[in-house]
Structure formats: structure tokens, C-alpha cells
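So this first bit is one chain, no partners, the form predicted on its own, shown in C-alpha cells.
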């Protein structure tokens, strides 16, 4: 027995078993104590409520939902709404942050000054206040009869109305895939080693591939049109309201704008720090080779800056995903709001909070794993400091 304890591996295994056992005992003890407390207070526990109808409907839903649908379906609806808001908010924040970050490292003093003002202003105002401001802003737009008319786009106090394609979803998805392929395939053709032709002689092939895939996307899109209906549904004023097209609710608009502007300020500083991390010697080496400023930026500065900013950028993205929970403050039907209403109606507090925690853990851990994979893929091998 004592001979086994002298082995480092045995001691490490026993310590791990003790640690895991202690955590398990604390969790089980807490769970049993909660069950006894709920029983004394005659509070129902369990997950049977998930199959009961909710009796309410949200103001925004990408999936069809009615008051007769069960709680579990509304959890799915809320999670999808949260993911949709998160993706749109991250894309907008990335665009704003990239613009602000490039302005901050520009040689133009005016652009640097404007970038500094933007960062100092939006980064130091709490996000919840910005959400309230933009919600008040979008809800005080003109009524639908006096909506701002930007061609096929209508902006009113009831939301933003935009054209939407009258295309079957299968064909729409296929056309989107073709558009994405029109971007990815030419990039792959420019760097692959499976072609005998030198990379500098592949420009015609890459252009042909891009145009061919875009033409295929247009053909697929047109083939999926619904019979007897125009290819696009355009919003039009009918009576006192706008009909047709796609309505973007004021709640969604306010949250997307606030996330883009607030997150863009932080991402802008991350972008600035990433470009500042690129050594001056590497830029001078590229200049000595006679590379143009654009090729120096796209082939030297941007790849090296991306490697430096990616870990911090992943943390910022995860934080912005969690910031979608502020939608409850203005009535947006997100995952957190569905959980809050479930607690008020069903009384299953622990179960609902557990589902909320599991949902955000799944989303954020998946996002973190994706960024870790990308970070490992683009990391420079053999460039670590050695003592």
C-alpha cells in the first residue's frame, strides 16, 4: 500500500478522485437540500412542465410559434432568436470595429482623432443605457403613413420594412451556398498546390470560377420563385400600416445597433493593438522587397495582426453573445426572456435556470472551441520564446 503511494502517478490519480468526489458530493448535497426545501414549500419540481402549452406568444420569432405550443418549443424559439441577434450583432460590431481600428492606426491625424473620440464615447457608456436610447430612437420614428421611404426600404415607428425574396427556402439556401462558394473557391484556386499552373497565372481561372458560381446562384434563385408571385415582396402602404416584405422589429433594431456600436468600440481597440503588435522590422523587410503598400498590408500586416488579435477577439465575441440577454429590458423575445416568463408562469425556477445555463454554456463553449481551432491553425510554429 505504502509502496503504491510513493508513485507520483498513483498520488495524482488519488488526488483527482478526491477532488471529483468532493465536487460531486457538494452538488448532490445541494440538489437534495433543494428538493427537500421545495417539498416543504409545496413547490412542484421536475421537467414535466416542458410539455405544457404556454398560452403566450412573443413579439419576434424566426420560427413559427403559437400560444398552444409547449414550453420546450419556446425555449428553442428563444435560443434561435438569441443566436440570430448574436450573429447579426457580431457581424455589425466587427465591421464597425475594423473601421474604427484602421482609423486609429491611420497616418491621417483627423481619422485618428475621430477614432479616439468614438472609442472614448461609446466604450464608457453602459450598454444598457445605449439599448434604452436606441429603442427610444427607433420607436419615435414617424408612423407608417409618414414612414421614411428609401426606395424599397421603409422606416417607421413599427419597425424597418425591407424587401424579401418570394423564393422557396431550399432554392434560397442553395443560392446562398453558391455565393459563398464564389468567394471561397477563387481563394482556394489561388493557393492550392494541386494545380500545375503557377499561382500568378491563375487569375483568369479564378475570375471564371467566381463568375460561373455567381451565375449559377442567380439561376437557382430565379428557379425557386413562387408561381404567380413577383420575385421580391416589397413593402407597401395599405391603410394605416405597411404590408409585404420583411418587418424588422424595433426591439431587434435597437439591440443590433447598440451591440454594433458598443462592441465596435472594443473591437476597434483590439484591431489597433493587433496591428501595433506587428514588428517594424517585418514591414521594412516587405518594403525592401519592393512590395506595394496594399500587398504589404494584405500579405504581411493583416495576417500577423490577426494572429495577435484573435484570442482577445474570441473573448469579446463571447461577451457580446452574453450581452444579448439585455433584450429582456425592451421586450425582445430572446432565450433569457423566455426563461424569465417560464419562471413566472410555471414556478419551475431551478429547472428553467438550469436550461438557461446549459444553453449559454453550449453556445459559448462551441464559439470558444471554434476560435481555439482557428487560433491553432494559423499559429506560427516554432516561434515561441524559449528560456
Partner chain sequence: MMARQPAAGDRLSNLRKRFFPTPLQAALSLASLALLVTLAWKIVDWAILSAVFTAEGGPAACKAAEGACWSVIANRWRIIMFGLYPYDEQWRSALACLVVVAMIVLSCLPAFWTGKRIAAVWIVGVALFYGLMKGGVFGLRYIGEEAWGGLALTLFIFVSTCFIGFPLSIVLALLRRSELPWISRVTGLIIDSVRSLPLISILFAFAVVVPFMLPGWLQGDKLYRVIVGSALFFAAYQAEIVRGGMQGVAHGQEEAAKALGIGYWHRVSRILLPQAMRNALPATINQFVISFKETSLVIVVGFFEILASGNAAYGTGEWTFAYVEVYAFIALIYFVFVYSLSRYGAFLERRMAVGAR
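Positions refer to the first chain, counted from 1. C-alpha atoms forming the largest set that superposes within 1.5 Å between two forms make up the rigid core. Bear in mind the structure is a predicted one, so any value in this text is a computation, not a measurement.
Below, we refer to the form predicted together with its partner chain, which is not included among the displayed structures.
Across the options 219 to 227, 282 to 290, 135 to 143, 300 to 308, residues that bring heavy atoms within 4.5 Å of its partner chain in the predicted complex belong to 135 to 143. Taking a 4.5 Å heavy atom cutoff to its partner chain in the predicted complex, the contact residue among 195, 111, 92, 83 is 111. With the partner removed from view, the residue among 126, 151, 204, 191 that has a non-hydrogen atom within 4.5 Å of its partner chain in the predicted complex turns out to be 126.
By the criterion of a heavy atom within 4.5 Å, residue 62 is excluded from the residues contacting its partner chain in the predicted complex.
In the predicted complex, its partner chain lies farther than 4.5 Å from every heavy atom of residue 187. Using a 4.5 angstroms threshold between heavy atoms, residue 375 stays clear of its partner chain in the predicted complex. Mapping the unseen interface onto this chain, residue 117 counts among the residues with a heavy atom inside 4.5 Å of its partner chain in the predicted complex.
Taking its partner chain as positioned in the predicted complex, the residues of 351 to 375 that bring a heavy atom within 4.5 Å of it are, in sequence order, 353, 356, 357, 360, 361, 364, 365. Fitting the two forms on the rigid core leaves the C-alpha of residue 357 displaced by under 2 angstroms between this form and the one not shown.
Positional change of residue 14 between this form and the one not shown reaches 2 Å or more at the C-alpha, relative to the superposed core.
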